[in-house]
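This document opens with one chain alone, in C-alpha cells, the form predicted on its own.
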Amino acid sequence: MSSFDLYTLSPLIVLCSAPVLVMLAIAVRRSHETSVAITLASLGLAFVLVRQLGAEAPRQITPLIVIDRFALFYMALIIAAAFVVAVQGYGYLKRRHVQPDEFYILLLIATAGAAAMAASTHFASFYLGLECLSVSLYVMIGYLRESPRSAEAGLKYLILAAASAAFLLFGMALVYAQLGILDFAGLAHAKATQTGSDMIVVLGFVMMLVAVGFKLSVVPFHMWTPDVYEGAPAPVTGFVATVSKASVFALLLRYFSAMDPHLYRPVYVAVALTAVLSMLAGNLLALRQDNVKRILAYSSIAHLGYVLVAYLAGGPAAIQAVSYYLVAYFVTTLGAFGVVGTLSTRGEHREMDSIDDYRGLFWTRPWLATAFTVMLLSLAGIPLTAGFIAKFSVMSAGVGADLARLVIVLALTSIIGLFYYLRIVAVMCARPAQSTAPVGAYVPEEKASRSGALVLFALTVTLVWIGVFPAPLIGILKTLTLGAH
C-alpha cells in the first residue's frame, strides 16, 4: 500500500484513531468537555479530509474498499450526522447521572463502521463495518442504566441483531459456495454469465436481504423498531434512525448499480412487496400511537418504504432520488429527536415522548415548537421543505421506471401520514391546562443546551433551504452516478 493510498484512507484512519484518543484522555482524567472536544475535532477533521479527497476520487484501495464520489458523499453524510449527535448528546448526557465519556467512544466506533460500509466493494468489508456499527449500538441504546426501558431496548436490539447477522453470514456462505466470489462487481459479472441453476444463489441473496431488512426496519422485520426507539436515549435514537439506515442503503445502491436487479426476479418482487407493506403498515400503525418516539418509529418504517420505491427504479435516477431523500430524512429526523432530547429533564429520568408532554408547547417554548413543526411538515412532504422535494424525486424516479402502482401506494399512504403529523402540531398549538402543565414544556430557556439549540436552528434552516433551493444539492448528487458504478 502506497503513501497516497494511506492519504486516501485518511478519513477512516482519523475515525478509527479518535476512539483511542478519547480512551487515553479518559485514562489521564475523566472530563466530559475533553471527550466531546476530541470527538468533535476528530469528526470535523474527517469531514474536511472527505471534502479534499473529492478531486482524487475514484481510487480502489485493495479489493475491499473504494474511495469514489459516491463513497465520499455518504461518508460526509454519516460524519455530519455523528457530529450533530455528539453535540446533542453533550447537552443530553449532562442532565443524566451516567458516565458520559464512553458514549463518545462508542459513537466514534459506530461512525467508523458506517463509513467503512459506505466505501465497501466486498461483502467481507461490509460485514466488518456492520459489526462495528451494530456492537456499538447495542451499548448506546442501553446506555441509560437508570432507565429500565433503555436496558430492555438494548437487549431486544442485541438479540434480533444477532439473529440477523446469522442470516447475513449464512447467505454470504451460500453465495460464495455457488459462485466462489464475494466482491460486488464479480458477483454482478458471475450472474450475467451464469448458465446453470441459481436456486442456491437466490436463496443466499434472500437470506442477506432478511438481514438488510432488519437493519432498515422494513416490514416484516420492523417489530423491534418502536420499542428500541422508545427506550433508547433521544440522540441515540436519531443516530439509529439515520446513520444505520444510510450505510445499508449505500451498500444496496452500490451493488445494484453494477447489475440489473431484474435478473434476480424473486428478489426484486420481494423488495417491491416489502416497500408496499412498509408504506401501509408504517402509516397505519402510527395512527394508533400516543407516544411521539413511537410515532416517529412507525413513520421511519413508512419512509424507508418510500425510499425502496426509488431504489427499485434503478439507474442514475434511483441514486439521485435515494440520496436526496436520505439527506432530507437525516436533517428532519435528527432535528425531531433533538427536540425530544432538549425537552427531556433531569428530574423525570425519562424521555418527554408522550404526546401530552407537548401540549401548549407553542405558548411556552415557541422556538422549539417552531423547529419541531418544520420537521413534522417535512416528514409529511409539505412544500417549502426538503421533504416535499424528496418525495417528488422519489415519485419521479418511480414513474420513470414504470412503477405506477408503487407510486400510487406512496401517494395514498402519504395522505394518511398527514393525520398523525398534524395531530402533534395541533397538540402543540393547544392552550395548556393550568393545573396539568407538562414538565417538558415549562423548562426554563436557560437550562437548554446552547450548543443543542444552535444545532437545532441550523437543522431547521438547512431543511427549509434545501427545500426552497434544491439545485446545489441536486448538482452534487448528479456526480454520484459515475462513482457508484
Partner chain sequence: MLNELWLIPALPLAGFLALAFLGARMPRGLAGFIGVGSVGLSAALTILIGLRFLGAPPPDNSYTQVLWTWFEVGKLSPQIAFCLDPLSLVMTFIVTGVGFLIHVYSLEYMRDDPGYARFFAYMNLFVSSMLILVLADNLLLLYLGWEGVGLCSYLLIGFWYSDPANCRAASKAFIVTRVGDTAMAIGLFLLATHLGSLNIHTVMEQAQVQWAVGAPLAVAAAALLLGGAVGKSGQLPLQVWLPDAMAGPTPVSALIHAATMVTAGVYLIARTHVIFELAPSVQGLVAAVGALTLLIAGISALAQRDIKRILAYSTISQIGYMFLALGVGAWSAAIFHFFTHAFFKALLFMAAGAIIVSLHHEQDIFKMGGLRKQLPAVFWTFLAGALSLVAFPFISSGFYSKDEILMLAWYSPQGGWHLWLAGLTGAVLTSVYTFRAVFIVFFGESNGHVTSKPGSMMTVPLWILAGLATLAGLVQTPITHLLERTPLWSETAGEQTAHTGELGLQVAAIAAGLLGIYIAWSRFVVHRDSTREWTETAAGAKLCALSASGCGFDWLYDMLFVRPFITAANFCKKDFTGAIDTAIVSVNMGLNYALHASQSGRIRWYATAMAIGAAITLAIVILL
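What you see is a predicted model, and the numbers here were worked out from it, not measured in a lab. Residue numbers count along the first chain shown, from 1.
Omitted here: the form predicted together with the partner chain. The next part is about that form.
- Within 4.5 Å of the partner chain in the predicted complex, a heavy atom is found for not a single one of Cys16, Pro63 and Ser136.
- In the predicted complex, at least one heavy atom of Arg288 sits within 4.5 Å of the partner chain.
- In the predicted complex, the partner chain lies farther than 4.5 Å from every heavy atom of Tyr329.
- The partner chain in the predicted complex comes within 4.5 Å of a heavy atom belonging to Ile389.
- Although the partner is absent here, Pro266 is a contact residue: one of its heavy atoms lies within 4.5 angstroms of the partner chain in the predicted complex.
- You can rule out all but one of 72-80, 91-99, 267-275, 230-238: in the predicted complex, only 267-275 has residues with a heavy atom within 4.5 Å of the partner chain.
- Ile416 is the sole member of Ala453, Ile416, Cys429, Leu45 with a non-hydrogen atom lying within 4.5 angstroms of the partner chain in the predicted complex.
- Residue in contact with the partner chain in the predicted complex (any heavy atom within 4.5 Å), chosen from Pro226, Gly171, Gly341, Gly381: Pro226.
- Looking at 158-181, the residues that come within 4.5 Å of the partner chain in the predicted complex, counting any heavy atom, are Ile159, Leu160, Ala163, Ser164, Phe167.
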